[in-house]
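One chain is shown next in structure tokens, namely the form predicted on its own.
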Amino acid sequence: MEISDFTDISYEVDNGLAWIVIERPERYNAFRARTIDELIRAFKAAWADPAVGVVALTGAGEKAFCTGGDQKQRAETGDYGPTETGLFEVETLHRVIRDIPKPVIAAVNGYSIGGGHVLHMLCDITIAADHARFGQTGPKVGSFDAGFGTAYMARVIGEKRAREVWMFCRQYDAATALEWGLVNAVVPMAELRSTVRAWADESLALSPTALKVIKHSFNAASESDAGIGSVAFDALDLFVESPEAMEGNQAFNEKRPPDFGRFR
């Protein structure tokens, strides 16, 4: 797959800053399997390009950064659609965001929910528009992320708050996210891209080798979360075929509360 073949995302390099944009606003920038393949390819292109010093990840429009896995796709086909390799490579995407030896900035332009919330969290820096909303939905729709989405979140905002986020599936505004340390800055939507540009320019003036080593050093402390994540995704592969998980997915698509009581 070449960059020119992208359908679900766009990729552009502007004076050292690579913009990766999820282009599925009609689905609130939820990802299907092809989206994940394209995101991996774009991050690797930025990794390999010496003209790129900083990467920004965002979503198209002003409603959503990313709302995680496309539940409509899951209802239609039972999975997230075809992939290049035959594998649904969301774990690979998590790894490449962490491993790319360049700062990654999430520009959160709206809803950052579920798997999309995990993506912004894995970026090195998060700058949010003032109307952004954050939260997890897995237990509502018959899914979970028991790797980086939970263990790493606890490192970022603390155990009590991380458990609240997952065990109640509430949504939080940008001001709360800033107070909790979940984001680095909150700005008006009209200033989001220019703010990312300004932060990127500050980073582009610094030693790239120093930034690479610093990033890997920060990652080292949470590297065990990747192993937990592999176990969790193995469990998720089994769980999504269960009647309980299917009830969550069906309820979401039918716009009704799920009936999980019978599964306790």
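Only a predicted model underlies this, so the values are computations on that prediction, with no experimental measurement involved. The first residue of the sequence shown is number 1, and the count goes up from there.
Heads up, the form predicted in complex with a small molecule isn't pictured, but that's what we're talking about next.
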Assert contact_stretch over 60-68, 193-201, 220-228, 43-51 against the small molecule in the model of the complex, heavy atom within 4.5 Å, equals 60-68
In the model of the complex, does each residue in the set Tyr80, Tyr111 and Thr137 place a non-hydrogen atom within 4.5 angstroms of the small molecule? yes
Among Val141, Val96, Val104, Val186, which has any heavy atom within 4.5 Å of the small molecule in the model of the complex? Val141
With the partner left out of view, is Tyr172 within 4.5 angstroms of the small molecule in the model of the complex by any non-hydrogen atom? no
The small molecule contact in the model of the complex: Arg27, any heavy atom under 4.5 Å: yes
Although the partner isn't part of this model, could you tell me whether Lys72 comes within 4.5 Å of the small molecule in the model of the complex, counting any heavy atom of the residue? yes
The small molecule contact at Val90 in the model of the complex, heavy atom, 4.5 Å: yes
